[in-house]
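Have a look below at one chain only, the form predicted alone, in structure tokens format.
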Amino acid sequence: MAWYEDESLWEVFYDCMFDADSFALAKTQCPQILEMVGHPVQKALDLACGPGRHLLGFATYGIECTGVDLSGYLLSRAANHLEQADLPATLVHTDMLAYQPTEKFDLITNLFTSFGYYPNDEDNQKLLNLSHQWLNKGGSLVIDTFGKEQLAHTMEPVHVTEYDNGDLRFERPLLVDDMRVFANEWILVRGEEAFRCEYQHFVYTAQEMRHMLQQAGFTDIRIYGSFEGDAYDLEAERLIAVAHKD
């Protein structure tokens, strides 16, 4: 079983990853994404949509949204959030590579460091290839992740995050396999209990990401260091790739 197939991971660490601030952040990112792509969006697909943070944001613009995720637990949280906000979206419970859409999209997103999960470069490339197929002509793919350059520059061997509810999350990140893979260990201390998980995924430089997108058939590929459109350099917050389909 791949690490991301373990539902207990999402259940135990949900509050660490998807607190109220993360939903507020997604709400601000959605108009930034729409401005970045620079074309009308009627239908959007969010791959690895999690609890629906960006589905909520895009739906407020009247965009017809579809979210795909392998976690039934996260999709149930997404359904609850959408119901509470009285916003429509289609939720699909499947692996991203197994998804078989019946329509094409103007925008496809893969956000919150959800790219590189597959255990080999070929399957990660396949996801980009499929995304290109699933887009309408003139549509765009937006990927939000960490770049390998950022990790090598800023990664700390051990660090801890304290949450408002008193939880403590310890992290022990590494770059392994010739710096191709980001491996991390999380230890969550909640009251008198401790929970541990390990995960790993491929990470790519901006140039590697650009090459993979070109291989998939994308053109007009732009790399940013933030959703505000900052340059991708050593001060970058994220690696944001925006790729266009002619």
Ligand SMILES: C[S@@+](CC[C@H](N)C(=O)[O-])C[C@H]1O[C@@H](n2cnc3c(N)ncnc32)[C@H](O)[C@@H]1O
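These numbers come from a predicted model, not from an experiment. Residues carry their position along the shown sequence, with the first being 1.
Another form, the form predicted in complex with the ligand, is not on view; read the next lines as being about it.
Novice: Just to confirm, with a 4.5 Å cut-off on non-hydrogen atoms, which of 49, 65, 30, 213 contacts the ligand in the predicted complex?
Specialist: The residue from 49, 65, 30, 213 that makes the contact is 49.
Novice: When the ligand is placed as it is in the predicted complex, which of 50 to 58, 175 to 183, 216 to 224, 189 to 197 ends up with heavy atoms within 4.5 Å of it?
Specialist: Of the stretches listed, the one contacting the partner is 50 to 58.
Novice: Under a 4.5 Å heavy atom criterion, is residue 76 part of the interface with the ligand in the predicted complex?
Specialist: No - in the predicted complex, heavy atoms of residue 76 and the ligand never come within 4.5 Å of each other.
Novice: Under a 4.5 Å heavy atom criterion, is residue 89 part of the interface with the ligand in the predicted complex?
Specialist: Result no; residue 89 lies far from the ligand in the predicted complex.
Novice: Residue-level contact is defined here as any heavy atom of the residue lying within 4.5 Å of the ligand in the predicted complex; does residue 141 satisfy this criterion?
Specialist: Contact with the ligand, no.
Novice: In the predicted complex, is there a heavy atom of the ligand that lies within 4.5 Å of any heavy atom of residue 111, even though the partner is absent here?
Specialist: Yes, residue 111 sits close enough to the ligand in the predicted complex that at least one of its heavy atoms falls within 4.5 Å.
Novice: Between 1 to 37 and the ligand in the predicted complex, list the residues on our side with a heavy atom within 4.5 Å.
Specialist: Residues within 4.5 Å: 4, 10, 17, 18.
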